[in-house]
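This document opens with one chain alone, in structure tokens, the form predicted alone.
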């Protein structure tokens, strides 16, 4: 059974601007899906709908075979975690306190975290290289450090599914790879379903099992990186010239590109 099943899903804002049109997709456990497309193509809106932060104007979204709208906020939070594009914390909570917030959906009323819960928090903070920041106010962190805190909190929370909205956009190469490796390991070992909006095609080709390309709110291609990546697709979606080959170092598809007609 797919974790999410979207059937002819469309969405428009109150202004009437249509963002998504007739989206039909399935996302399965143990897989990482990369959602790609130019700015304004509907990537963030799609993730918001998957996370229950909005309802489709048409069509239906099923989560584990049941209408997503049937889940309450608390029930969905116990299953799905979201890492937003912009992680904003306006109060000077300590870093560890913010990461521990990922435990809250799983705790009963007035219940305290168990030793196992605290070990989970510590392990994830060490894995993402933020354990040394544990007592620092999150408001005093750099943008990249804050993003790693947001990912850590989501990994503490996520038990079935994880939504990433440009989660590595502010990170250096090492920490981007570390986070994606941690996510990949959980997909393989724990069956976590991951849907990630990404801009970096080459990073997506390395870590994602399948890619979904959006353009003007519609799915224009989906499949494994090797089956969908082509110069023609990249030109159509992004309006750039491209060359697609195989990277000898990673063994995965790699794309190089330039502005159409330049040089």
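Values in this document were obtained by computation on a predicted structure and should not be read as measured data. Residue numbers count along the first chain shown, from 1.
The form predicted together with a small molecule exists for this protein as well; it is not shown, and the discussion that follows is about that form.
Contact check for residue 17: a heavy atom falls within 4.5 Å of the small molecule in the predicted complex.
Using a 4.5 angstroms threshold between heavy atoms, residue 202 stays clear of the small molecule in the predicted complex. Contact annotation: residue 223 falls outside 4.5 Å of the small molecule in the predicted complex, judged by heavy atom distances.
Mapping the unseen interface onto this chain, residue 34 falls outside it, with no heavy atom inside 4.5 Å of the small molecule in the predicted complex.
Contact with the small molecule in the predicted complex, judged as any non-hydrogen atom within 4.5 angstroms, is confined among 235 to 243, 21 to 29, 248 to 256, 8 to 16 to 8 to 16.
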